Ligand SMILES: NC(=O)c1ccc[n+]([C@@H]2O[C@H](COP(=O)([O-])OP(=O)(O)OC[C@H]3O[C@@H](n4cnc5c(N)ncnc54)[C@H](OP(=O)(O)O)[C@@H]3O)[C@@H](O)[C@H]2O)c1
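Take a look at this single chain, the form predicted on its own, given in structure tokens.
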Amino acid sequence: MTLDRRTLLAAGALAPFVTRSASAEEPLLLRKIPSSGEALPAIGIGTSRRYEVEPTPDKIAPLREAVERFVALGGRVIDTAPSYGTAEDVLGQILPEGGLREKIFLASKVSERGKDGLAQIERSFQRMKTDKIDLIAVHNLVDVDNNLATLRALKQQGRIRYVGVTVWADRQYPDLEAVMKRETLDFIQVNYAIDSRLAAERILPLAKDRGMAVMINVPFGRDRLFGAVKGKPIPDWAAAFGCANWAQFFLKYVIANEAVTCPIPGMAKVAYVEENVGAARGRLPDAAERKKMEALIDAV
């Protein structure tokens, strides 16, 4: 059974640790996109599952509040995909209002083959009601050569600003590594978490060497991490690098890798936005502290 933070809060597991960090007024940490030098806040929103709701006003309302709070706190990056159910349609209802679209770095993906890839991309523009998408990546390396050619043509036309590729599982790393070595990419997206660290061995160093920005998916280990620490207090020593809750503990670990541009956890509630965004403020754990964090999680 998957345990989300609502379940854990109801069980009292996180209740003592959801207060806002003392560094709440500090600006968000920024990371530069190597290919351009553009700086992005080191935390983003991922829309898989959490934003796959019926696009009706009542279902969209809490998501709109979450996005508005995210932007108010300095956030910019929102990542989605055509394969995330209704997520693009939901964003198409949220972003055109209140000038939000102009404040968002919007990322999506392509996962169809051949000419169907371009048709899918065109639907993404329509669904999100935008004439420009900041980043489109080839989802799970599907038809990667043809789709990259399509994306580069769209970039040349000024319809998208960056191109990339994504994976979500360790078994895809050999193929990802091969693409990274032969292609010039602005971004990659890869799975990485404190309990899933293989990407740090070769993928993240390669991205740094090749000048590629890195988005991190499933930084909470698909909720495994929250289940592992259920009922356990956050260690006192985590306060030294500004952790007020377990979400910040897990995210600061990821952000502390200097190759990482931003993790993109799901944020469907204002409370989750405030917790997660706090991870991009203040000091990050150093190498010795990260080893201590790993040992703690490996032992639970």
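In this text the structure is predicted, and so the values were computed from the model without any measurement. Numbering starts at 1 and follows the sequence shown.
Heads up, the form predicted together with the ligand isn't pictured, but that's what we're talking about next.
Interface membership of R123, defined by any non-hydrogen atom within 4.5 Å of the ligand in the model of the complex, is ruled out. Contact annotation for Y162: none of its heavy atoms lies within 4.5 Å of the ligand in the model of the complex. For F241, no non-hydrogen atom is located within 4.5 Å of the ligand in the model of the complex, even though that partner is not displayed. Contact annotation for D79: at least one heavy atom lies within 4.5 Å of the ligand in the model of the complex.
By the 4.5 Å heavy atom rule, the three marked residues I43, N257 and P285 all fail to count as contacting the ligand in the model of the complex. Note that among 45-53, 28-36, 58-66, 230-238, the stretch whose heavy atoms approach the ligand to within 4.5 Å in the model of the complex is 45-53. Interface residue among T150, T130, N217, Q93, judged by heavy atoms within 4.5 Å of the ligand in the model of the complex: N217.
Along 221-237, a non-hydrogen atom within 4.5 Å of the ligand in the model of the complex is carried by G221, R222, F226, in order along the sequence.
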